[in-house]
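We begin with a single chain expressed as structure tokens, specifically the form predicted on its own.
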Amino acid sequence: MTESPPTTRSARTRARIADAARALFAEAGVTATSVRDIAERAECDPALVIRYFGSKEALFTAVVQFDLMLPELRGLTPGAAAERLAGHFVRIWETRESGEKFQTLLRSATSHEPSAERLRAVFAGQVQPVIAAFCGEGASAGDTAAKVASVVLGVALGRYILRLPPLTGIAPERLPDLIATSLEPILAAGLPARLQPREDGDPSP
């Protein structure tokens, strides 16, 4: 049997360490997870964690970088925008790797400043521009983005971190409807007055 070259073995070990760290950070948070915990999950020597990543903080930075790849909302009605945004976030949460990254940031943000800063950066750099494009230029875009973030983070916190029974009992395919119901009035209120939906559901002329 041909032995794997050293570079291949190193890449596999590094990947195992990253996977173990991502899972443990999501389960217990960054502060409560030690290098030894990560090494044990990855079935390697703790020295290898430091060798490949330098420190636990550097490993954290490496495994939580991700692009939300948010959909375009410009030109949609508030209802359609809410449905698209809600469905996209649920797919992120319910996909293993992206879900673990999101949970890591959310779980650790209250006690680990780098996690809080990364979470703020994700919403400031990725969510707010999408909401601003939907609302158009104006003072309401920032407020609307903050309200959208509150709904999204609140549902994620309750379902994946606190594991509140009413939320954990909802099937993933039904979750977007719950979130969209809360997002639609927020998005509608963020539009300029001339685009506010009328009672008949059509935008104002």
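Just so we're clear, the structure is a prediction, and the values are computed from it rather than from any experiment. Numbers follow the displayed sequence, beginning with 1.
Keep in mind the form predicted together with the DNA is missing from the figure; the text below concerns it.
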**Asked** Out of S150, T168, Q65, S34, which one falls within 4.5 Å of the DNA in the predicted bound form, going by heavy atoms?
**Response** S34
**Fill in**
Answer key, the DNA contact in the predicted bound form at 4.5 Å (heavy atoms) among L157, A141, L48, A28: the residue is L48
**Prompt:** Would R41 count as a contact of the DNA in the predicted bound form, using a 4.5 angstroms cut-off between non-hydrogen atoms?
**Reply:** no
**Item:** the DNA contact at S182 in the predicted bound form, heavy atom, 4.5 Å
**Value:** no
**Message:** Although the partner isn't part of this model, could you tell me whether S55 comes within 4.5 Å of the DNA in the predicted bound form, counting any heavy atom of the residue?
**Reply:** yes
**Message:** Taking 4.5 angstroms as the heavy atom distance cut-off, pick the stretch from 55 to 63, 159 to 167, 173 to 181, 141 to 149 that is near the DNA in the predicted bound form.
**Reply:** 55 to 63
